[in-house]
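One chain is shown next in structure tokens, namely the form predicted alone.
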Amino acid sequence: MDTFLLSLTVLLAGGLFALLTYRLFSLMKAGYIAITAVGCLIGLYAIATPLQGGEIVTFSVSWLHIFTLSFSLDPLSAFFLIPIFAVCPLAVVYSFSYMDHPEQQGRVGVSFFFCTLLIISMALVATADNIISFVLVWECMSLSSFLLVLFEYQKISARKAGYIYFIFTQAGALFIFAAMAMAYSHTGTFDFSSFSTIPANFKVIIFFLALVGFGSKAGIFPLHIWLPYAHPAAPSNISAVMSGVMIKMGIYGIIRLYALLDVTELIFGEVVLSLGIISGILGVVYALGKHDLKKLLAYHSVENIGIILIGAGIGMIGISSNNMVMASFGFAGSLLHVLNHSIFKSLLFLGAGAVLQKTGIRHIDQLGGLMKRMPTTGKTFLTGSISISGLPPFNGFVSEFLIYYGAFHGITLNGSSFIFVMLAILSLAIIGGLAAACFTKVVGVVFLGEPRTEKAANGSEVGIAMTAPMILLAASCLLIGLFPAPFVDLAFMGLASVKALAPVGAEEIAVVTANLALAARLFLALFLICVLLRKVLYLRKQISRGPTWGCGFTQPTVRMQYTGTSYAMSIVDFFRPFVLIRTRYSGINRIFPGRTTYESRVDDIAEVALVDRIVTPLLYLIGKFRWIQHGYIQLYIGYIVVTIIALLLFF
């Protein structure tokens, strides 16, 4: 634990360094990045022993002479610390060029400091070992991320995104606190270790209260509404950390609470699996309908949280059915997808940030032709796109295959379990297909074809400080895909904290991972053979460069290219009424028609329902009491006196 605490101390020193030296802008950035990288490397070293099944180390300190803040480092904590200490430093390195705004040196220094607080608080959330320490660091994590979203606070959209995120994160925290309070009322202690003694009927209430709170942080449908606002509003390096790492703390909370309560009833798995299916399918459908690149990626976070929950749901159903192979592979796939998603989603957000920095455009239909102008960004973004689509030979395929493997072992179950398992398999197939369609759209419209605007035509590659983290993340996607065995073993080791889970044979795990590795290497070999064959066939031929082929048109213009809407709308339309499509078409109403316009928009039904059913009526009701606010301080004092008298009468 001393090494882990040392890593947090070094990280905090990096944040304070940025805060104190912001006037020396270049020195501040270089020093902050170096110190943060060292702190994260120490953190990775600290979790090596717990991950390998070593002794669980603990640390506690008295707080306010009343409470005890207790932390422990067990296999599950250590696994969730991997993305924190591995992905965050890459996002920090990326910020060296991305946040190169000397005119905003103070704001950048503050942003670095809160980014450090976010990293530290996430690490402490994963290691918190009692109620007090958990709720304290959970709030630190929420508040630091809220302040990071407000980096461009002068923009109305950033403030709106910050407020929406704040409301959702605090509402979720209330549910978590309620669950913790109920647990304390039945155990009389703040220690997590006593949760298993809670009566069974209260365990159900506690779990589902916490599920709402953790689900709000993770972005489970319909509690995901803050994601499409907060991720686009935040700087891309922060979006990468929030989407790739922070929302996994919600998943950690769900799995940790499930393990602490030591429950085996079927209802837990069925509910978690159902939420996963809904989040996965609707998340990717909404992503298909979005034109804003970062908003589209935010909806893919909802989709991948759905995949993670499907794996966890299969694991819970496996435990309740005493099918340990199904349970182990479901949970292991879920955990490995946590790690994989942190890698490829961070990569995609960093790629989107590079595009945004060089073009100033987030609308995909205004981009195009960037593969030639930003080759490194384009190729690494393509790698992330294939990975998130769950295709070999990259890492997304490995974790999704483990979930499939666990689900297929559940086909022998009877009753509702069989139905849920079949729904999970079908959903995974649908999600994978839709994700591939969505990223075909993104890569095709943003990086291929001809530039649709002058800004896109003037795009150029970003510097090494931004491309290096993207290359490392893309290489990690390929590395896990080609050599999955150690990473799959890490996921199974992380499950050692789930007591209800009996270990499966190491031989079966080795056979599965060996076959996965073989399949990935065959795919890669086939690809390389095709590339080599193309080189050989064109060896003695003259190759000339020209505009993108125009499908037979001799003088094509950029307006003749497919747009994101024209590509995806037929797929999105299939999912009505679960998506709300609004179109506006000016039409042709003259013999010699003038300029016609067509506009389409895909709205989130959860957001529409929230606005129409809750926010609007609430604002109307509050508006009726506006007369109370009149500006007379005497009457305000009168309100306070009346309120105190009323409270004294009732209590």
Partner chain sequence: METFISLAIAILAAPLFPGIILKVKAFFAGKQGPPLFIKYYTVAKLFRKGSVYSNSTSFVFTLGPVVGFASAFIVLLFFPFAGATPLFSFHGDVIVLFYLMGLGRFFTVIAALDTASPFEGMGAAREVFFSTLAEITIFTVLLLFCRMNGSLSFAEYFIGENPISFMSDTGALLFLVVFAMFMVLLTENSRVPVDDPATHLELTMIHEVMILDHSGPDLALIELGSFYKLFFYSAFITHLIYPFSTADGIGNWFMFYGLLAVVYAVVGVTESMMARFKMDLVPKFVLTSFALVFFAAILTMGVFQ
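As the structure is a computational prediction, the values presented were derived from the model and not from experiment. Numbering follows the first chain given and starts at 1.
The form predicted in complex with the partner chain exists for this protein as well; it is not shown, and the discussion that follows is about that form.
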Asp100, heavy atom within 4.5 angstroms of the partner chain in the predicted complex
no
Taking 4.5 angstroms as the cut-off for heavy atoms, does Pro228 touch the partner chain in the predicted complex?
no
Answer with yes or no whether Tyr153 is in contact with the partner chain in the predicted complex, where contact means some heavy atom within 4.5 Å.
no
Non-hydrogen atom contact Leu526 with the partner chain in the predicted complex at 4.5 angstroms
yes
Joint contact, Ala173, Leu260 and Ile464 to the partner chain in the predicted complex, by non-hydrogen atom at 4.5 Å
no
Please name which of the stretches 173-181, 479-487, 577-585, 561-569 has residues with heavy atoms lying within 4.5 Å of the partner chain in the predicted complex.
561-569
Can you pick out, from Ser321, Ser385, Ser133, Ser497, the residue that has a heavy atom within 4.5 Å of the partner chain in the predicted complex?
Ser385
With the partner chain left out of view, which of Ala200, Val531, Ala502, Ala506 would have a heavy atom within 4.5 Å of it in the predicted complex?
Val531
Quick one: name the residues from 382-404 with any non-hydrogen atom within 4.5 angstroms of the partner chain in the predicted complex.
Leu382, Ser385, Ile386, Ser389, Gly390, Leu391, Pro392, Pro393, Phe397, Glu400, Phe401, Tyr404
